[in-house]
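You are given structure tokens for the same protein chain in two forms, set apart as structure 1 and structure 2.
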Structure 1
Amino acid sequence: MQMGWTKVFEDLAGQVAVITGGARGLGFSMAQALARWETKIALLDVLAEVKDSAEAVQHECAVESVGVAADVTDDGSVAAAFSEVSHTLGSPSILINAAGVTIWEDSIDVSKESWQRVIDINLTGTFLCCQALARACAAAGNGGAIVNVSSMSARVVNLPQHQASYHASKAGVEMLTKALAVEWAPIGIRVNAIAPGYMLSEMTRQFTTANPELAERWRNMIPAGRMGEPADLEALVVFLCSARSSYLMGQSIVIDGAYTAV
């Protein structure tokens, strides 16, 4: 019997998903995609607007949602946020690590603080939230699914911008994904990553607004002829969170309009 497309990800309904960096951009878009499959949504972000974003998801998709102010670099903040999520929505079994930052600066000038901030948010923050999700799953006695947001920048060097700390942090996320996938497969927690190319979001807009010729330059390097929209990631993320991908572990899937294929 062929399964109807409308039911294919129905295992997501009623599960609780934590999305870091969920106040806006790719994180928010991925949260909306899960909410359309009736997953309960917890958005974690340093931005105060995270509560409005959660309300917007609740309004649009009629699922329970909560927005929690949290800093992924602070283990106390992460633990408090996961505790609030458990009390409000139930124990989380899905995590999308989308919180991230980048800087464009010549490496010869980058301060230690600036380097450290990118590593702390993109790599250490990802680890701390993976750990919090695993602890929640272990306490609840169930498995889970984690999707880390890496980048094509884990594999290729961006041009013309200089972003060494970003490259290093995302390469770390890719290996962290494999390490945790192997370590946690026996306890039923699947860990995968997605590695987007150039996507339209605040992260890229901060550069294209200051350098209008940049968007055109990037577009010319993308075989698909356009930058990605946040919605381009949605189906892949839903698939990775669902038990439909239950044998898919420790992978990072590039989704970049063939940028890295050239």
Structure 2
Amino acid sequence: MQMGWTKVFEDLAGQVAVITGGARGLGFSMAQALARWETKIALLDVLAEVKDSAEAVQHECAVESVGVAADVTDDGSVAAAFSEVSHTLGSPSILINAAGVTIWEDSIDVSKESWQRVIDINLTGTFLCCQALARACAAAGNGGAIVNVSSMSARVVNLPQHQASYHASKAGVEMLTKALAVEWAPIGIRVNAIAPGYMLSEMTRQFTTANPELAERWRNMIPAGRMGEPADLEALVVFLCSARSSYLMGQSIVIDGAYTAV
């Protein structure tokens, strides 16, 4: 529990949160942020290390946690994962959709398979997990909160990389967020999104270290003068999952160091 803020997000204690793409990176960081408010954590990921990541959260934050291997593009896999979470931790009421992928390639050369993979993971996977959370909430007779991870790339074209499939998928996530927020508000499920800019996740940090000139170009385009850290997202995500944001629905909040403001 956070000293000095012991009651701000107390409603999160004891709830069950599912975080996709939770084995590492931004998903893992956001899971840790919720765990510090005594939320039970279920990490979903295709990576086998998801179980180790869940054990790390449990050890660090002293909350119940489980890691489940799941493919967000497969509705059967998603349903089985949510069933395991419900059986192990209790019915989930919070979902963070952080599973995602990007592929850099010239659009003239993109194969249908490459395009489809990005759409399947980023957009269809987000929908299937939203659907699973809504079904769990309906079965339990309670509301819930969903935070979809979009990107500033839903609104601007990143340079110099070419990634049309990523832009299209994240723009789809933003509209999906609005559509589900309107549809599910009457049943008590709030749906919002966050749209991060360039964030120094573990994988991105490895890339920028190997490509310092590109990293410097990105930094020069960010008014804040730096790339974001995973911790920069944590307070926003916790707020959106908490009842403190109960009147905030259907929004995608950009957090990018003012990159999209210029």
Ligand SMILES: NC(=O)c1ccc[n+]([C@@H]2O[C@H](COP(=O)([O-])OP(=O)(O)OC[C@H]3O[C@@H](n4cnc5c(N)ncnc54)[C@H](O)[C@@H]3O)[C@@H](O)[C@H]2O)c1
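Small disclaimer: the values here were computed from a predicted structure and weren't measured. C-alpha atoms forming the largest set that superposes within 1.5 Å between two forms make up the rigid core. Counting starts at 1 with the first residue of structure 1 and goes up one by one along its sequence.
So which is the form predicted together with the ligand here, 1 or 2? Form predicted together with the ligand: structure 1.
For residue 212, tell me the Cα shift between structure 1 and structure 2 once the rigid core is superposed, in Å to one decimal. Here the C-alpha difference is 2.8 Å.
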